[in-house]
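A single chain comes next, written as structure tokens; it is the form predicted on its own.
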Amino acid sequence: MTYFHEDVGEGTPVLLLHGFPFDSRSFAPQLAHPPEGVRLIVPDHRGFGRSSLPPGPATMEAMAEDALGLLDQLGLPSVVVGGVSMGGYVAIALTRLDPGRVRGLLLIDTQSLPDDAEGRERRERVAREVEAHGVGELVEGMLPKLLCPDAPVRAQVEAMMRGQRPAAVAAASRGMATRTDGKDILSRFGGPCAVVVGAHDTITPLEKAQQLQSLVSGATLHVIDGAAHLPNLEQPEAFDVVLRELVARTA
């Protein structure tokens, strides 16, 4: 399996995990200008971007194991782990698989709860639609919910979404449907944690972020104005402040 990743900056290692259906380019502002004192490690999940799609289900646990293998390859015993949306699901799965590797958690526009029956059915419909007709309909349906209406990164996000392999998108949609409840592991997590949500996010709105914050002792909540579901792209400076503050708390 080819597992592509970016590795930029110097300092505390931070593993950033992208959302659905994106790739490492969704962290373009951070990769272009890594926050001071931060080493960013940003992979493409299996099948997305420049990573290959191995056979078998693309579960959150499988994606987490891919990331843990990368940390082994890089010789990193522990890192700050952050994830946007689906990447947050992977971050929670990674924390469950190997909590000793996680020195801090950054949960961005995500949630801990699994899909209900209706949600699982919707994921399967998405997977079948993408397999049969490509990602176009998915992009048209998701894009208005991801960003504020006047977001200058709209064309960039749309191009990234349209460039993903239908097979990978379908596999990840089915993988998200099988994820387990993250409340147990988050309630036991003892490291620093920051929860981030865009003020205009309607996919995982403020209430979801507040639920996450309540699960982790000492977690901080950060609402980013002028952003929807992708605050690190829409408001990179505000996002980077939160990232630097979290890294400082892990020192």
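Keep in mind that this is a model prediction, so the values were computed, not measured. We number the residues from 1 along the sequence you see.
The same protein also exists as the form predicted together with D-malate (MLT); that form is not shown, yet it is the one meant from here on.
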* To do: Identify which of 135, 153, 176, 160 has a heavy atom within 4.5 Å of D-malate (MLT) in the predicted bound form; exactly one of them does.
  => 176
* Would you say all of 19, 85 and 142 touch D-malate (MLT) in the predicted bound form, counting a heavy atom within 4.5 Å as a touch? -> yes
* Determine whether any heavy atom of residue 96 comes within 4.5 Å of a heavy atom of D-malate (MLT) in the predicted bound form, and answer yes or no. => no
* **Contact of residue 123 with D-malate (MLT) in the predicted bound form (heavy atom, 4.5 Å)** => yes
* Classify residue 199 as contacting or not contacting D-malate (MLT) in the predicted bound form by the rule of any non-hydrogen atom within 4.5 angstroms, answering yes or no. => no
* To do: Indicate whether D-malate (MLT) has at least one heavy atom within 4.5 Å of a heavy atom of residue 62 in the predicted bound form.
  => no
* With D-malate (MLT) left out here, work out from 99-107, 86-94, 163-171, 67-75 which stretch has heavy atoms within 4.5 Å of it in the predicted bound form. => 86-94
* Asked: What residues, if any, in 202-241 have a non-hydrogen atom within 4.5 angstroms of D-malate (MLT) in the predicted bound form?
  -> 203, 229
